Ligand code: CTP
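Take a look at this single chain, the form predicted alone, given in structure tokens.
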């Protein structure tokens, strides 16, 4: 057994909502503020861990002491995760990564027309699924699988859908919440470690939730 809670971890965290460009000035995005990912980064640093934060655009100030990798699109985030993944002990995917991106983005600004505009979208790469398939690959300083933590935003069957994601993407922990949590200072989250019961944190601020998530990560043994 290897207990991560007893020593410093190299934690890789993603945050913010990605931007998928339609043309050079317009993009599809979401309402994610990035607060949860940034709170996790600050809590990890305070606990003495080494943190790399891959962040999509936000209005938040980066936490001092973290290595910051800035990205915009889902594709850029995927490439950044793949590059940093071999060096991490734990990946926390708190970012709101777009599920779709324009199939053929315009190289020039689209002009307004009187007719309807049809936008063709294609699926983006599933970063968590990729990480789940590669979690057991060896690392530079340690051996054994990494800890993978995913997030799920669900408006129906929250726990059922989140648990399916936990299983299908080979995660160690899932953090689930409802759409009302987007941009909110306080929210109710549901946390499940593989093989354990659900834990609910009712109407808690994101700083407290971040500390709670880290304390639960420390209980995951390999």
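Positions refer to the first chain, counted from 1. Because the structure is a prediction, the values reported are computed rather than measured.
Omitted from view is the form predicted in complex with the ligand, to which the following refers.
Heavy atoms of residue 99 reach within 4.5 Å of the ligand in the predicted complex, making it an interface residue. Proximity of residue 148 to the ligand in the predicted complex falls outside the 4.5 Å heavy atom cutoff. Although the partner is absent here, residue 154 sits close enough that one of its heavy atoms falls within 4.5 Å of the ligand in the predicted complex. When contacts are judged by a 4.5 Å heavy atom cut-off, residue 125 counts as touching the ligand in the predicted complex. Contact with the ligand in the predicted complex, defined as any heavy atom within 4.5 Å, is confined among 45-53, 164-172, 187-195, 22-30 to 164-172.
Residues of 32-51 are not found to place any heavy atom within 4.5 Å of the ligand in the predicted complex.
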